[in-house]
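Only one chain is included here, represented as structure tokens and corresponding to the form predicted on its own.
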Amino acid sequence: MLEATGLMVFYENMLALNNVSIRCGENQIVGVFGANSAGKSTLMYALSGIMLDIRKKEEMAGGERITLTGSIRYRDQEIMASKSSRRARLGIVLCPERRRIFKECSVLENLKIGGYLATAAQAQETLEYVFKVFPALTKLKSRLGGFLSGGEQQMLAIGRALMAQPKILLLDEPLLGLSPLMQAMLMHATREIRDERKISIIITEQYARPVIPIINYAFILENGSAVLEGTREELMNNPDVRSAYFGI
């Protein structure tokens, strides 16, 4: 469904992604694990096309030069040069790290903003689904985003991404700073979203333990390179991976 091959991203003279190849099939949940600065967010920006927007902004401001090479194919279509807006219309939607909701807008307004690609019927149906999968948001419709807890903001961020009608959802470190209970709830909801909406999901995290129960396949990034990949069972049976990423 979505496959990146030989992906490389340079920030001036710094190599952020080094020949990374990953794939996510239909109705799969794929994990990408790595420490801080391993290249997880850069990978998500590259897959979603936002890296092209960042590059253009840097060029206009006379900032650092960003270079991207490699191939990104979605449903057998090459999209490496496609803008983020076109990728969103194709169904590739990013839920960014650190939520990035509109804090001055209410929960309902945030969700409606996310539905800009949906028809009126799709937006209404998806809105109802968001409140079903995240019932805690139901009583918070009128609350400003800035007054939500971290977990509530993350639910809102994922809900807003769902409003854009994704076919493949990119979740960039959705568990950052959340309690173990909230992490477990969000991972249960993520699996439910995959099963009920038939959405493929790529999820990045620093620690794999909360995510490992729901994934089909995973990749390990270190210093911008994909150093290991395998199924959930294969990674769990690797003692080095268990020690470094599962805390076992």
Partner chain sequence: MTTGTHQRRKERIDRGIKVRTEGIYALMSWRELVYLIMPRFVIIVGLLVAPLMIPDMYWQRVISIVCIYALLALSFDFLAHQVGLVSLGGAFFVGVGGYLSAVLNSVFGFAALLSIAVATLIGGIVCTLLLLPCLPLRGVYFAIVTLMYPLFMARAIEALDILGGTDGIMGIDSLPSAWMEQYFIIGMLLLFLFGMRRLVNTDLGLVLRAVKDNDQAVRASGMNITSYKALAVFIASAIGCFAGASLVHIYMWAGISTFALDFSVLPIAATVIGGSGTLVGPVIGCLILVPVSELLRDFGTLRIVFYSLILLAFVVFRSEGLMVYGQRKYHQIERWKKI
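Positions refer to the first chain, counted from 1. These numbers were taken from a predicted model, which means no experiment stands behind them.
There is also a form predicted together with the partner chain; it is not shown, and the following applies to it.
ask   = Heavy atoms within 4.5 Å of the partner chain in the model of the complex: which stretch among 33-41, 179-187, 66-74, 210-218?
value = The contacting stretch is 66-74.
* Would you please decide whether A244 lies within 4.5 angstroms of the partner chain in the model of the complex, comparing each non-hydrogen atom pair? => A244: no, not in contact with the partner chain in the model of the complex.
message: Within 4.5 Å, heavy atoms only: does N237 come near the partner chain in the model of the complex?
response: Judged by the heavy-atom cut-off of 4.5 Å, N237 is well away from the partner chain in the model of the complex.
Notebook entry, point to check: Is M8 close to the partner chain in the model of the complex, meaning a heavy atom pair under 4.5 Å apart or at it?
Noted result: It does: once the partner chain is placed as it appears in the model of the complex, M8 has a heavy atom within 4.5 Å of it.
- Message: How about E233 - does it come within 4.5 Å of the partner chain in the model of the complex, if we only consider non-hydrogen atoms?
- Response: No.
At 4.5 Å, heavy atom to heavy atom, what parts of 10-39 sit next to the partner chain in the model of the complex? List them in sequence order, or say none. If the 4.5 Å heavy-atom criterion is applied to the partner chain in the model of the complex, 10-39 yields F10, E12, N13, N19, S21.
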